[in-house]
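In structure tokens, the next block holds one chain alone, the form predicted on its own.
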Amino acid sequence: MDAKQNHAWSRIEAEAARLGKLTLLDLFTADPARADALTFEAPHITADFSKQRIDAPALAACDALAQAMDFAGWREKLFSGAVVNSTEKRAAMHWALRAPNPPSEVLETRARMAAFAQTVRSDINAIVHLGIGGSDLGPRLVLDALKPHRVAGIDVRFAANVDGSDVADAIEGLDPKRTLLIVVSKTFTTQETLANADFVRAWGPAHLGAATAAPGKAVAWGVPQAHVFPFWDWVGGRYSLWSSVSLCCAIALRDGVFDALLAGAAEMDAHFRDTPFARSLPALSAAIQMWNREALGHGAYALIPYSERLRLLPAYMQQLEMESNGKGVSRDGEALARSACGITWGAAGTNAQHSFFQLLHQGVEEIPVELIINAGEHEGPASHRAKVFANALAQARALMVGKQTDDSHRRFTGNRASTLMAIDALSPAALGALLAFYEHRTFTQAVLAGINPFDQFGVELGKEMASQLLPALEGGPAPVDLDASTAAWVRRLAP
């Protein structure tokens, strides 16, 4: 790090030491306007950071770090299509997939997807979507979250795991003559996806489709050329739900819904691109995550959507944040002095309150919490809406206030940080804005840490070793250079 960056970190450490002497309740006492001052808005989203151990001087220190790490310059590179994925020498232009004026190839593919949706809906009553990682988590989340906007009469099944039970469950009870199989793989070489695809194709679905950056391989596998929908090298897998990867969404959601999802994301893109760091919601949220992790020593956070339709969001965020920023070296390949990413975990409230909230309230370590509510209309009985809100607000307050009693088993220390976020509705546009918010927050954290968030070499070694072990586990000879433990397990498990 250069002198300016080291000075910025020293300033952050000094602010953390100052605030470490104060409780959250002290901060509210010192500033009665704190809730208003630390509540920020972006398209479709409001976030209240007032229950975080942070204040104006600490945020100013984070702003200084952003300047030292050239946040504005890297943001400009992202939106100009410059190479920001330095190790793979690529741009990262997922934002262009939802831009108001996207590249011509994006418009052409989007039009082809819409036309295919219109044609195929009358011939099918089920879709089997096969992908893994970014080729699975995004579309699965979108269809779950936007279920009220689904086309009637089309069942969508997903299979990602190479465990045969997953793909067997995906086709159970379906009529192959009325089923569309969609294979989603950027390279069309993903071992798990192709193994599942071969199995389902042998079952005999009447219709085949594919989303891939390798169209020739999809055609060679057997997908008709007209049913192959491309995406491009500048679209990373975990940033790809805006592309043809979500072909199943374009078909299974009513006309215009997928476009509204893209439009909401584009609104957040404009906010992030044009708003200074000190008022940018994704940037501020990233700074607070960095602050909790590096300044205060909290290496994990819990993501709790108080919306059953968003129950898959924690799993989606695990990939987005930890695959993007789970790095130990800088863009230049130098070892990092500080971490670039914490542990992301969580589950939907209120269910989560009856499982791991014991740890959040009374465990030894503080784990900051991010609670998300849908401030708009809710499905189901009207009385349930107030109950959801009461629980979310109560948990944030209880984490901060705690409870003092002579009975140590019933004592809550309090003084535990949380953020409360609200989307204005669980609409296609709001969902698009929320997911784009998280993408930009992830990017900002990478800039603050000085890393490349767009490669994922950490997933490769295990896959390479699995390929080496596979022949032995299918009855062939084992590699000669195995450690004793792995060799013993190969002998146990081989046929």
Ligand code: F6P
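Since the model is a prediction, treat every value here as computed from it, not as a measurement. Residue indices: 1-based, along the sequence shown.
Separately, the form predicted together with 6-O-phosphono-beta-D-fructofuranose (F6P) exists; it is not shown, and the next lines address it.
> Any idea which of 425-433, 33-41, 61-69, 455-463 reaches within 4.5 Å of 6-O-phosphono-beta-D-fructofuranose (F6P) in the predicted complex, heavy atoms considered?
Replying inline: That would be 455-463.
> With 6-O-phosphono-beta-D-fructofuranose (F6P) left out of view, which of H94, H129, R238, R416 would have a heavy atom within 4.5 Å of it in the predicted complex?
Replying inline: None of the other options qualify; the answer is R238.
>> Under a 4.5 angstroms heavy atom criterion, identify the one residue in N196, T179, N292, S185 near 6-O-phosphono-beta-D-fructofuranose (F6P) in the predicted complex.
In response: Exactly one listed residue reaches within 4.5 Å, namely S185.
> Would 6-O-phosphono-beta-D-fructofuranose (F6P) in the predicted complex be within 4.5 angstroms of a non-hydrogen atom of every residue among D144, S243 and S244?
Replying inline: The answer is no; none of D144, S243 and S244 reaches 6-O-phosphono-beta-D-fructofuranose (F6P).
>> S285 versus 6-O-phosphono-beta-D-fructofuranose (F6P), in the predicted complex: is there a non-hydrogen atom within 4.5 Å?
In response: No, S285 is distant from the partner.
>> Is E323 part of the interface with 6-O-phosphono-beta-D-fructofuranose (F6P) in the predicted complex - any heavy atom within 4.5 Å?
In response: Although 6-O-phosphono-beta-D-fructofuranose (F6P) is absent here, E323 would touch it in the predicted complex, with heavy atoms inside 4.5 Å.
> Even though 6-O-phosphono-beta-D-fructofuranose (F6P) is not shown here, does G342 get within 4.5 Å of it in the predicted complex, heavy atoms only?
Replying inline: No, G342 sits far enough from 6-O-phosphono-beta-D-fructofuranose (F6P) in the predicted complex that none of its heavy atoms falls within 4.5 Å.
> Can S280 be called a contact residue for 6-O-phosphono-beta-D-fructofuranose (F6P) in the predicted complex at 4.5 Å between heavy atoms?
Replying inline: So S280 does not count as contacting 6-O-phosphono-beta-D-fructofuranose (F6P).
> From first to last in sequence, which residues of 116-136 have any non-hydrogen atom within 4.5 angstroms of 6-O-phosphono-beta-D-fructofuranose (F6P) in the predicted complex?
Replying inline: I132, G133, G134, S135 sit within 4.5 Å of the partner.
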